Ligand code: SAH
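A single chain, nothing else alongside it, follows as C-alpha coordinates in the form predicted on its own.
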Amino acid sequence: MSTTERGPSLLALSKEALGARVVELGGKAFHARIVREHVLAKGELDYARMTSLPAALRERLAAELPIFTGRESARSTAKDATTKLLIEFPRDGAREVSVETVHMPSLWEGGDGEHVPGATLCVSTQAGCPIGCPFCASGQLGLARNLASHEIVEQYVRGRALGPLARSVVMGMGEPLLNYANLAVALDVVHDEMGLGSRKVTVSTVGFPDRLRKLAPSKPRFQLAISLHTPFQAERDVLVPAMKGVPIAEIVAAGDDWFERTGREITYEYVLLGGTNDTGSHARGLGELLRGRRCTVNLIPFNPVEESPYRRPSAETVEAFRAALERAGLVATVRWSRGVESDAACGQLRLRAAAER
(Lines give C-alpha, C1' and ligand atoms only; values in the text may rest on other atoms or scores of the structure.)
Protein backbone atom coordinates (compact mmCIF):
# COMPACT_ATOMS: atom_id res chain seq x y z
CA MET A 1 0.00 0.00 0.00
CA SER A 2 1.45 3.39 -0.99
CA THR A 3 1.84 6.41 1.27
CA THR A 4 -0.89 8.18 -0.68
CA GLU A 5 -3.32 5.29 -0.14
CA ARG A 6 -2.61 5.32 3.60
CA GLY A 7 -3.05 9.07 3.89
CA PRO A 8 -0.53 11.79 4.81
CA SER A 9 2.75 10.79 6.41
CA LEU A 10 3.65 11.65 9.97
CA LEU A 11 6.03 14.40 8.87
CA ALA A 12 3.38 15.92 6.60
CA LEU A 13 0.97 16.42 9.52
CA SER A 14 0.96 19.46 11.79
CA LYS A 15 1.20 18.81 15.52
CA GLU A 16 -2.56 19.29 15.83
CA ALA A 17 -3.36 17.05 12.86
CA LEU A 18 -1.00 14.39 14.14
CA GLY A 19 -2.78 14.44 17.50
CA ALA A 20 -6.11 13.89 15.80
CA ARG A 21 -4.70 11.10 13.63
CA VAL A 22 -3.20 9.26 16.60
CA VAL A 23 -6.55 9.44 18.40
CA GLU A 24 -8.21 7.99 15.28
CA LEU A 25 -5.77 5.09 15.50
CA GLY A 26 -6.71 4.36 19.11
CA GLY A 27 -4.17 6.42 21.00
CA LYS A 28 -4.34 9.49 23.21
CA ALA A 29 -3.48 13.01 22.11
CA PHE A 30 -0.33 13.01 24.24
CA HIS A 31 0.89 9.93 22.39
CA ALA A 32 1.30 12.12 19.30
CA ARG A 33 3.82 14.26 21.15
CA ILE A 34 5.75 11.14 22.13
CA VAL A 35 5.77 9.85 18.54
CA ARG A 36 6.98 13.17 17.14
CA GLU A 37 9.70 13.37 19.78
CA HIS A 38 10.87 9.85 18.97
CA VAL A 39 11.17 10.65 15.26
CA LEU A 40 12.50 14.21 15.32
CA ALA A 41 14.45 14.49 18.55
CA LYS A 42 15.67 10.92 18.95
CA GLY A 43 15.82 9.75 15.34
CA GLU A 44 13.83 6.59 16.00
CA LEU A 45 12.17 5.46 12.77
CA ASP A 46 10.77 2.12 13.89
CA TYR A 47 7.41 2.28 15.68
CA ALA A 48 8.07 -1.14 17.23
CA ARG A 49 10.96 0.36 19.19
CA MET A 50 8.87 3.20 20.65
CA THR A 51 8.17 1.19 23.78
CA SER A 52 6.71 4.12 25.70
CA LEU A 53 3.62 3.66 23.48
CA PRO A 54 1.01 0.91 23.92
CA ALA A 55 1.78 -2.17 21.83
CA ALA A 56 -1.58 -2.05 20.03
CA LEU A 57 -1.03 1.58 19.05
CA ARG A 58 2.44 0.82 17.74
CA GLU A 59 0.97 -1.84 15.46
CA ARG A 60 -1.69 0.55 14.12
CA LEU A 61 0.88 3.28 13.55
CA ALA A 62 3.18 0.94 11.64
CA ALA A 63 0.30 -0.20 9.45
CA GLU A 64 -1.44 3.11 8.85
CA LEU A 65 0.84 6.09 9.52
CA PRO A 66 4.04 6.08 7.41
CA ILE A 67 6.76 8.34 8.75
CA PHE A 68 7.93 9.51 5.32
CA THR A 69 6.13 10.77 2.23
CA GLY A 70 8.97 9.94 -0.12
CA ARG A 71 10.93 6.80 -0.84
CA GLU A 72 14.63 6.25 -1.32
CA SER A 73 15.04 5.13 -4.93
CA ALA A 74 18.84 5.18 -5.19
CA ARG A 75 21.90 5.41 -2.99
CA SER A 76 25.50 6.04 -3.96
CA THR A 77 28.43 5.83 -1.52
CA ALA A 78 31.98 6.95 -2.25
CA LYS A 79 35.25 5.65 -0.84
CA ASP A 80 35.36 8.57 1.61
CA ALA A 81 31.93 7.47 2.96
CA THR A 82 30.08 10.38 1.34
CA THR A 83 26.58 9.06 0.70
CA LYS A 84 24.07 10.52 -1.72
CA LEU A 85 20.40 9.61 -1.52
CA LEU A 86 17.93 10.04 -4.36
CA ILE A 87 14.49 10.52 -2.81
CA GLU A 88 11.29 10.28 -4.84
CA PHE A 89 8.31 12.37 -3.80
CA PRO A 90 4.75 12.16 -5.22
CA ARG A 91 3.63 14.48 -7.96
CA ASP A 92 -0.12 14.81 -8.24
CA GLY A 93 -1.44 13.05 -11.33
CA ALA A 94 2.02 12.41 -12.79
CA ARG A 95 5.26 10.59 -12.19
CA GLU A 96 7.23 11.17 -9.03
CA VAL A 97 9.79 13.95 -8.71
CA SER A 98 13.26 13.28 -7.35
CA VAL A 99 15.65 15.24 -5.14
CA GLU A 100 19.12 14.61 -3.81
CA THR A 101 20.47 14.71 -0.29
CA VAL A 102 24.16 14.22 0.49
CA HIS A 103 25.62 13.06 3.83
CA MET A 104 29.32 13.93 4.15
CA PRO A 105 31.11 12.49 7.18
CA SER A 106 33.95 14.76 8.27
CA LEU A 107 35.92 16.26 11.09
CA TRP A 108 35.19 19.94 11.68
CA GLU A 109 37.63 22.05 13.65
CA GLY A 110 36.16 23.81 16.66
CA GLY A 111 36.86 27.35 17.81
CA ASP A 112 39.76 26.37 20.08
CA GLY A 113 41.35 24.12 17.48
CA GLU A 114 39.98 20.77 18.58
CA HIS A 115 38.51 18.35 16.09
CA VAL A 116 34.76 17.89 16.34
CA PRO A 117 33.31 14.68 14.87
CA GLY A 118 30.13 14.84 12.85
CA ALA A 119 28.80 15.13 9.34
CA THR A 120 27.53 17.80 7.00
CA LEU A 121 24.19 17.24 5.30
CA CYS A 122 23.51 18.94 1.97
CA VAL A 123 19.78 19.52 1.49
CA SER A 124 17.62 20.41 -1.52
CA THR A 125 14.72 22.87 -1.57
CA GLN A 126 13.33 22.28 -5.06
CA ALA A 127 12.96 19.33 -7.41
CA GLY A 128 15.25 20.60 -10.12
CA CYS A 129 16.40 24.20 -10.38
CA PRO A 130 15.26 27.27 -12.34
CA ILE A 131 18.58 29.16 -12.22
CA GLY A 132 20.16 27.33 -15.16
CA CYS A 133 23.86 27.61 -14.31
CA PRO A 134 25.57 25.84 -17.24
CA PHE A 135 28.19 24.16 -15.01
CA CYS A 136 25.61 22.64 -12.63
CA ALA A 137 23.80 19.34 -13.20
CA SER A 138 20.81 20.33 -11.05
CA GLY A 139 19.23 22.60 -13.62
CA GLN A 140 19.72 20.44 -16.69
CA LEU A 141 16.22 18.95 -16.34
CA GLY A 142 14.64 22.26 -15.33
CA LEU A 143 12.39 22.90 -12.34
CA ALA A 144 9.65 20.38 -11.52
CA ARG A 145 8.27 22.02 -8.37
CA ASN A 146 9.02 23.47 -4.96
CA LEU A 147 9.40 21.03 -2.09
CA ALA A 148 6.90 21.18 0.76
CA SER A 149 8.29 21.96 4.19
CA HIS A 150 7.86 18.37 5.36
CA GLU A 151 9.77 17.11 2.31
CA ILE A 152 12.70 19.30 3.35
CA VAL A 153 12.46 18.01 6.93
CA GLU A 154 12.36 14.44 5.60
CA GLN A 155 15.79 14.94 4.07
CA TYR A 156 17.16 15.91 7.47
CA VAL A 157 15.59 12.91 9.17
CA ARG A 158 16.85 10.50 6.51
CA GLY A 159 20.29 12.11 6.53
CA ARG A 160 20.64 11.89 10.31
CA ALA A 161 19.81 8.18 10.08
CA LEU A 162 23.14 7.81 8.22
CA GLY A 163 25.07 9.31 11.15
CA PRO A 164 25.09 12.27 13.57
CA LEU A 165 24.94 15.72 12.00
CA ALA A 166 27.34 18.50 12.96
CA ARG A 167 26.01 21.01 10.45
CA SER A 168 23.89 21.44 7.34
CA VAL A 169 24.21 23.31 4.08
CA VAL A 170 21.12 24.15 2.05
CA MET A 171 23.12 23.98 -1.15
CA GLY A 172 21.52 21.05 -2.92
CA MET A 173 19.07 21.22 -5.78
CA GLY A 174 17.10 24.43 -6.22
CA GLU A 175 17.31 28.09 -5.22
CA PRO A 176 16.32 28.39 -1.53
CA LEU A 177 15.05 31.98 -1.71
CA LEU A 178 12.51 30.96 -4.36
CA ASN A 179 10.97 28.51 -1.89
CA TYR A 180 11.70 30.45 1.27
CA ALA A 181 8.30 30.15 2.98
CA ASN A 182 8.55 26.35 3.03
CA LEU A 183 12.24 26.39 3.91
CA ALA A 184 11.65 28.66 6.91
CA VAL A 185 8.97 26.32 8.30
CA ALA A 186 11.28 23.35 7.81
CA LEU A 187 14.22 25.04 9.51
CA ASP A 188 12.07 25.88 12.54
CA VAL A 189 11.48 22.13 12.93
CA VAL A 190 15.15 21.35 12.37
CA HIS A 191 16.24 23.92 14.96
CA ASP A 192 13.55 23.46 17.60
CA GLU A 193 12.84 19.74 17.41
CA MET A 194 15.92 18.17 15.86
CA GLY A 195 18.39 20.33 17.79
CA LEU A 196 20.55 21.66 14.96
CA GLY A 197 21.36 25.25 15.90
CA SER A 198 20.95 28.27 13.64
CA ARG A 199 24.70 28.82 13.35
CA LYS A 200 25.08 25.23 12.15
CA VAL A 201 22.88 25.77 9.07
CA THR A 202 24.06 27.68 5.99
CA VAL A 203 21.69 28.65 3.18
CA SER A 204 23.20 29.30 -0.24
CA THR A 205 21.61 31.63 -2.80
CA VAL A 206 22.57 33.31 -6.04
CA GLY A 207 21.67 36.53 -4.27
CA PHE A 208 18.34 38.17 -5.08
CA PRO A 209 18.95 41.68 -3.65
CA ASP A 210 15.30 42.58 -2.98
CA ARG A 211 14.62 39.27 -1.22
CA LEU A 212 17.77 39.55 0.89
CA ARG A 213 16.88 43.06 2.00
CA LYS A 214 13.35 41.98 2.86
CA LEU A 215 14.57 39.02 4.93
CA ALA A 216 17.47 40.65 6.76
CA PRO A 217 15.40 42.61 9.35
CA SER A 218 13.80 39.37 10.56
CA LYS A 219 17.27 37.90 11.29
CA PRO A 220 16.57 34.48 9.73
CA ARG A 221 17.80 31.43 11.58
CA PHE A 222 20.72 30.53 9.34
CA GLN A 223 24.10 31.64 8.06
CA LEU A 224 24.10 33.13 4.55
CA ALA A 225 26.22 32.16 1.55
CA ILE A 226 26.00 34.03 -1.75
CA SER A 227 27.20 32.37 -4.96
CA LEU A 228 29.16 34.83 -7.11
CA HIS A 229 31.36 32.66 -9.40
CA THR A 230 32.94 35.68 -11.10
CA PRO A 231 33.57 39.38 -10.42
CA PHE A 232 32.74 40.32 -14.02
CA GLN A 233 29.18 41.22 -14.97
CA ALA A 234 29.08 39.90 -18.54
CA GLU A 235 30.52 36.58 -17.44
CA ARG A 236 28.10 36.24 -14.51
CA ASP A 237 25.19 36.81 -16.87
CA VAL A 238 26.34 33.62 -18.63
CA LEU A 239 27.26 31.57 -15.56
CA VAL A 240 24.10 32.50 -13.62
CA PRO A 241 21.46 33.05 -16.34
CA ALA A 242 18.52 33.69 -14.01
CA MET A 243 20.36 36.73 -12.62
CA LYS A 244 21.18 38.23 -15.99
CA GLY A 245 21.17 42.01 -15.75
CA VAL A 246 21.23 42.10 -11.94
CA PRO A 247 24.37 44.12 -11.10
CA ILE A 248 26.96 42.27 -9.05
CA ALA A 249 27.53 45.48 -7.11
CA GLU A 250 23.86 45.48 -6.08
CA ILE A 251 24.13 41.89 -4.83
CA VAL A 252 27.20 42.70 -2.76
CA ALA A 253 25.47 45.83 -1.40
CA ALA A 254 22.55 43.65 -0.30
CA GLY A 255 25.11 41.44 1.42
CA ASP A 256 26.48 44.48 3.23
CA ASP A 257 22.97 45.32 4.37
CA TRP A 258 22.51 41.74 5.58
CA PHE A 259 25.67 41.98 7.68
CA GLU A 260 24.66 45.33 9.15
CA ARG A 261 21.18 44.11 10.12
CA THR A 262 22.02 40.60 11.31
CA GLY A 263 25.60 40.93 12.54
CA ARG A 264 26.46 37.70 10.67
CA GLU A 265 29.34 37.57 8.24
CA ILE A 266 28.57 36.28 4.75
CA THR A 267 30.36 33.55 2.84
CA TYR A 268 30.80 34.29 -0.86
CA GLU A 269 30.97 31.07 -2.87
CA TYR A 270 33.01 30.78 -6.00
CA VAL A 271 33.05 27.63 -8.17
CA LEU A 272 36.44 27.54 -9.89
CA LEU A 273 36.10 26.48 -13.54
CA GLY A 274 39.41 25.56 -15.13
CA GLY A 275 40.41 28.09 -17.78
CA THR A 276 37.18 30.06 -17.36
CA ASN A 277 37.05 32.02 -14.10
CA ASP A 278 40.26 30.97 -12.36
CA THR A 279 42.73 33.45 -13.85
CA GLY A 280 44.82 36.09 -12.13
CA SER A 281 42.52 38.83 -13.42
CA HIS A 282 39.55 37.06 -11.85
CA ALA A 283 41.33 36.83 -8.51
CA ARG A 284 42.29 40.52 -8.66
CA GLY A 285 38.77 41.50 -9.66
CA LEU A 286 37.23 39.49 -6.83
CA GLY A 287 39.72 40.98 -4.38
CA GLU A 288 38.74 44.50 -5.46
CA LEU A 289 35.03 43.71 -5.31
CA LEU A 290 35.12 42.39 -1.75
CA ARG A 291 38.02 44.40 -0.33
CA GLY A 292 37.42 45.69 3.20
CA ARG A 293 34.39 43.50 3.84
CA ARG A 294 34.15 41.09 6.76
CA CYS A 295 33.42 37.93 4.84
CA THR A 296 34.88 34.61 3.75
CA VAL A 297 35.38 33.48 0.17
CA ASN A 298 34.77 29.76 -0.23
CA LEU A 299 36.50 28.45 -3.35
CA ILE A 300 34.95 25.28 -4.77
CA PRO A 301 36.93 23.52 -7.52
CA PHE A 302 34.46 22.33 -10.16
CA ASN A 303 33.10 18.82 -9.65
CA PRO A 304 33.10 17.22 -13.13
CA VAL A 305 29.74 16.64 -14.81
CA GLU A 306 29.31 14.40 -17.84
CA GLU A 307 29.12 16.26 -21.18
CA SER A 308 29.97 19.57 -19.47
CA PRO A 309 32.30 21.93 -21.36
CA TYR A 310 33.88 22.92 -18.05
CA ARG A 311 36.78 21.25 -16.27
CA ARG A 312 38.31 21.15 -12.81
CA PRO A 313 41.32 23.45 -12.29
CA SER A 314 44.64 22.08 -11.10
CA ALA A 315 45.50 22.13 -7.41
CA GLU A 316 48.27 24.63 -8.23
CA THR A 317 45.81 27.01 -9.90
CA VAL A 318 43.42 26.75 -6.96
CA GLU A 319 46.18 27.54 -4.48
CA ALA A 320 47.39 30.49 -6.54
CA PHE A 321 43.85 31.89 -6.65
CA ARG A 322 43.43 31.47 -2.90
CA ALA A 323 46.79 33.10 -2.18
CA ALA A 324 45.91 36.08 -4.39
CA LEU A 325 42.73 36.65 -2.41
CA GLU A 326 44.66 36.50 0.86
CA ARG A 327 47.09 39.10 -0.46
CA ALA A 328 44.06 41.30 -1.15
CA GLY A 329 43.17 41.02 2.55
CA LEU A 330 40.37 38.46 2.23
CA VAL A 331 39.80 35.27 4.16
CA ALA A 332 39.72 32.49 1.56
CA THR A 333 39.14 28.77 2.01
CA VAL A 334 39.02 25.86 -0.43
CA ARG A 335 36.33 23.19 -0.36
CA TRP A 336 37.21 20.25 -2.56
CA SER A 337 34.10 18.31 -3.51
CA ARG A 338 33.48 15.10 -1.62
CA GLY A 339 32.62 11.74 -3.15
CA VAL A 340 33.33 12.60 -6.78
CA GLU A 341 33.13 8.95 -7.85
CA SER A 342 29.65 8.63 -6.28
CA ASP A 343 28.04 11.27 -8.52
CA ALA A 344 28.24 13.74 -5.64
CA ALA A 345 28.04 16.85 -7.83
CA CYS A 346 24.61 18.32 -7.29
CA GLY A 347 22.09 16.80 -9.69
CA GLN A 348 24.29 14.04 -11.12
CA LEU A 349 22.54 11.10 -9.49
CA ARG A 350 19.17 12.54 -10.54
CA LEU A 351 20.37 12.93 -14.13
CA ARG A 352 21.63 9.36 -14.21
CA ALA A 353 18.36 8.01 -12.84
CA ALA A 354 16.36 10.03 -15.38
CA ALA A 355 18.47 8.69 -18.23
CA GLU A 356 17.81 5.12 -17.10
CA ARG A 357 14.02 5.55 -17.10
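For every residue, the number given is its place in the sequence shown, counted from 1. Because the structure is predicted, anything quoted here is derived from the model rather than measured.
Unshown form predicted in complex with S-adenosyl-L-homocysteine; subsequent notes refer to it.
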Among the candidate stretches 68 to 76, 212 to 220, 135 to 143, 155 to 163, which one is within 4.5 Å of S-adenosyl-L-homocysteine in the predicted complex when only heavy atoms are counted? 135 to 143
When the contact criterion is heavy atoms within 4.5 Å, does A324 count as touching S-adenosyl-L-homocysteine in the predicted complex? no
Do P313 and S-adenosyl-L-homocysteine share at least one heavy atom pair within 4.5 Å in the predicted complex? no
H103 versus S-adenosyl-L-homocysteine, in the predicted complex: is there a non-hydrogen atom within 4.5 Å? no
Is there a heavy atom of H150 lying 4.5 Å or less from a heavy atom of S-adenosyl-L-homocysteine in the predicted complex? no
Contact at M171, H229 and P301 by S-adenosyl-L-homocysteine in the predicted complex, all three, heavy atom at most 4.5 Å: yes
Students should find that, of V305, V318, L45, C295, the residue having a non-hydrogen atom no more than 4.5 angstroms from S-adenosyl-L-homocysteine in the predicted complex is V305
Heavy atom within 4.5 Å of S-adenosyl-L-homocysteine in the predicted complex: which of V271, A283, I251, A186? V271
At 4.5 Å, heavy atom to heavy atom, what parts of 195 to 220 sit next to S-adenosyl-L-homocysteine in the predicted complex? List them in sequence order, or say none. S204, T205, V206
